[in-house]
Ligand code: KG4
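Just the one chain here, laid out as structure tokens, in the form predicted on its own.
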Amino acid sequence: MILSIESSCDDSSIAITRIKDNKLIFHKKISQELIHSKYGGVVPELAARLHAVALPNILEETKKYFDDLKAIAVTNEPGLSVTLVEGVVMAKALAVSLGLPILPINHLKGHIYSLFIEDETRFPMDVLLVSGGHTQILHVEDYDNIKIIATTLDDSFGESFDKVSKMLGGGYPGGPVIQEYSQKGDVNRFLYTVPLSNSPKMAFSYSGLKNQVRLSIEKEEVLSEQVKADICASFQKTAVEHLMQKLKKAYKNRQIKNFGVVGGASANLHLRSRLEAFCKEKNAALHVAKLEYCSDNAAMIGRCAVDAYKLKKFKDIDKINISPRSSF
């Protein structure tokens, strides 16, 4: 089995995954969302202190599996530097004390593997990664070969939801807040411009849309619950339309067999419905992670680690460092 640790942001998580059949034997996650909500976003130093308490507590529950472990896996990139350190230090300590090899895992690659928890890997696959820190279209040939087709120039898809929610006093994380309001709102009340709609660039940008929302909020004399709902519905419609326009452009002359959507923001139901229609039109199979595995978790890190173990992606403990801003 492999013990995996995830602490890239504000979720403390540990999992045990069986190598021979990808079976998730143990998984526990402690979320810090309620604590950070009053600040409107994650406070890195606070998150690190909370990891220092939560991770050892979860680890206590895994001791009965220690004799069956073959490796320790840990997220070491990308993420918040002060929170990544908490997981990496624990992983190194476990590797030394148990005499086990260590597997450093890329957090973004872990999101891709959230599609395969307790399942077999299915590559090649095209993937839309939408999270609080990243918005990317990827072509994944195999574990080692991942091509970035498009990425964001500024804010990510998920980050824009967090910031709009904060403007409206809705708290953190913003995705569920915006989605709930949108269900009661008029999508045509505010006619926001779709970013880069006339640009040939294969890229995303959400800073301008976020500013459009800010200006519309400032113009409202009374920010009633209905106005908030209308703003959220109009914003969500435009944010998703931006993704879809670039996806259609990227695959205008390309065939797709398998298409996956991953990351915390992939839980958005409006986005999922648009992607279902897109894949149906392209005659492609749509792959989505279970909702409990969309946000950061150690189960996806453990599943990725199974393939890393088979490919012998071990690294000397002294050479494992954190890389907060890396991609693939």
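Because the structure is a prediction, the values reported are computed rather than measured. All residue numbers refer to positions in the sequence shown, first residue = 1.
One more form of this protein, predicted in complex with this ligand, exists but is not displayed; see below.
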- Taking the partner as it appears in the model of the complex, which of 65-73, 274-282, 52-60, 295-303 has residues with heavy atoms within 4.5 Å of this ligand? 295-303
- Task: Please run the contact check for D230 against this ligand in the model of the complex: heavy atoms, 4.5 angstroms, yes or no?
- Result: no
- Y113, heavy atom within 4.5 angstroms of this ligand in the model of the complex: no
- Classify G174 as contacting or not contacting this ligand in the model of the complex by the rule of any non-hydrogen atom within 4.5 angstroms, answering yes or no. yes
- Give a yes or no for G132: in the model of the complex, does one of its heavy atoms lie within 4.5 Å of a heavy atom belonging to this ligand? yes
- Would you mind picking the one in D126, E86, E77, E159 that has a heavy atom within 4.5 Å of this ligand in the model of the complex? E159
- Query: Which residue, T152, S207, Q179, Q226, has a heavy atom that falls within 4.5 Å of this ligand in the model of the complex?
  - Reply: Q179
- Which residues from 308-328 come close to this ligand in the model of the complex, meaning a heavy atom within 4.5 Å? none
